[in-house]
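Take a look at this single chain, the form predicted on its own, given in structure tokens.
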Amino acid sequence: MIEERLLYKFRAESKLYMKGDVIFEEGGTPNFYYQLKEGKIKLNNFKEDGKEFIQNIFSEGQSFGESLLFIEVQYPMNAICLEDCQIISLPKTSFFDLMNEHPEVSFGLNKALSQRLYYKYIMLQNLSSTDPTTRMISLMNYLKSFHVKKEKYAFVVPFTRQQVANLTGLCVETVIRTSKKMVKKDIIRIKDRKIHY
């Protein structure tokens, strides 16, 4: 998202994290801009019954949690590594200095935040549906919208069945059953244990 050379110019640091490491926790104070150089992270919460709800998954080149730097609040979610990661972090004050000196970066950030807000609207609408097929199609349509290839079955869903369940608020068994029905209806294909949409 933000060029690395620019981040390092404003005193950013790079750190290696291992799979399962926590970058920040719910209730913590947002003090850094984070950008993934390598790996994947998830933003999640846990419900009262202990069930995980994944708010989003980010991968190489994406930033996460930065919207909270603009307001005085605590993190309402956790950021956890799904695999080994290299993450660039920039202190909050340096982040604002960068924004002030490079308004084009601010414009790009606003665009990315708007895309995430759009995703939240789609998923809120999606969660109001009781139909698991509708929930899964909404998620896959959103994910596919970022890819060049739009043909049927050209998009490979980059998540496990468990992650799809956590992103849609369904249980994994429902995702598996629904996937089988969607294959029969010719909506998706399953190849090498991956959903092709």
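Computed from a predicted model, the values in this text were never measured in an experiment. The first residue of the sequence shown is number 1, and the count goes up from there.
Not on display, but discussed next: the form predicted in complex with the DNA.
- The chain is drawn here without the DNA; in the model of the complex, the stretch among 138 to 146, 25 to 33, 57 to 65, 160 to 168 whose residues come within 4.5 Å of it by any heavy atom is 160 to 168.
- A residue is said to contact a partner when one of its heavy atoms sits within 4.5 Å of a partner heavy atom; V156 fails this definition for the DNA in the model of the complex, lying far away.
- In the model of the complex, the DNA stays beyond 4.5 Å of every heavy atom belonging to K185.
- Among residues of the shown chain, E13 is not one whose heavy atoms approach the DNA to within 4.5 Å in the model of the complex.
- With a 4.5 Å cutoff on heavy atoms, R177 counts as touching the DNA in the model of the complex.
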